[in-house]
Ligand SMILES: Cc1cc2nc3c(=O)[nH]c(=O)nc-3n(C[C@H](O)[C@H](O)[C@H](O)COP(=O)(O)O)c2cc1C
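Listed next as structure tokens is one chain, alone, in the form predicted alone.
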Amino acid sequence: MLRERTDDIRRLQVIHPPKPIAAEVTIPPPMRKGLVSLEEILCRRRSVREFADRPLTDEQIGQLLWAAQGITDPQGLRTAPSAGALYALETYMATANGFYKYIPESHRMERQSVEDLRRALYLAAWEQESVLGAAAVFVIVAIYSRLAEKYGEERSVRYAHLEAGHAAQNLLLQAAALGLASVPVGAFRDGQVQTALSLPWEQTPLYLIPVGAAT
């Protein structure tokens, strides 16, 4: 019986090989004080769909991720408000060097893939050039179940969408403060994005945010 069970496990591993452990990637700590006032940043923020052909720096990437979902309090509170502080979002980033997941608790990234998935996102987003031409495409996804136990299914969807809006605006304003161009994108095929990024079934993509150097 034990041998049969072992054989079954081996067959399953061939059909569904275990996902490799994500590689940790360190990023610089975020700046906590900028050189530009909030009012100036609000005036600067615009949706820009064309980018210069150069990558973002590690400092810029770390700052953008922190602005979206970074920890700002010893108790684990983040830059964006969340219903019940349950944090229904996950933040990913696709670049020429691979696909990454942001880990707010330790302000680091986990590399999920070494592939450049921006073209796959471009195809999923009805071939919007901003998705293909950006140095990085940030992906905000929701996990509604994190909220559902407390707020119910209907309200959990609403609250997760509100949270995504907060996080996206933080990221867009941070991009403006860094002198970068960005645009929020909501037009895409949800299932195609999930498939392209190999996202777990319970993670629903809500936003693609292309960011790059201004032309």
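Each residue number is its position in the shown sequence, starting from 1. Remember, predicted model here, so these are calculated numbers, not experimental data.
Only in words, not in the display: the form predicted together with the named molecule, which the text now covers.
Checking 156-164, 25-33, 61-69, 38-46 against the named molecule in the predicted complex, the stretch whose residues place heavy atoms within 4.5 Å of it is 38-46.
Screening 128, 112, 95, 82 for any heavy atom within 4.5 Å of the named molecule in the predicted complex leaves a single hit, 128. Out of the listed residues 56, 185, 177, 148, 185 is the one that sits within 4.5 Å of the named molecule in the predicted complex by at least one heavy atom.
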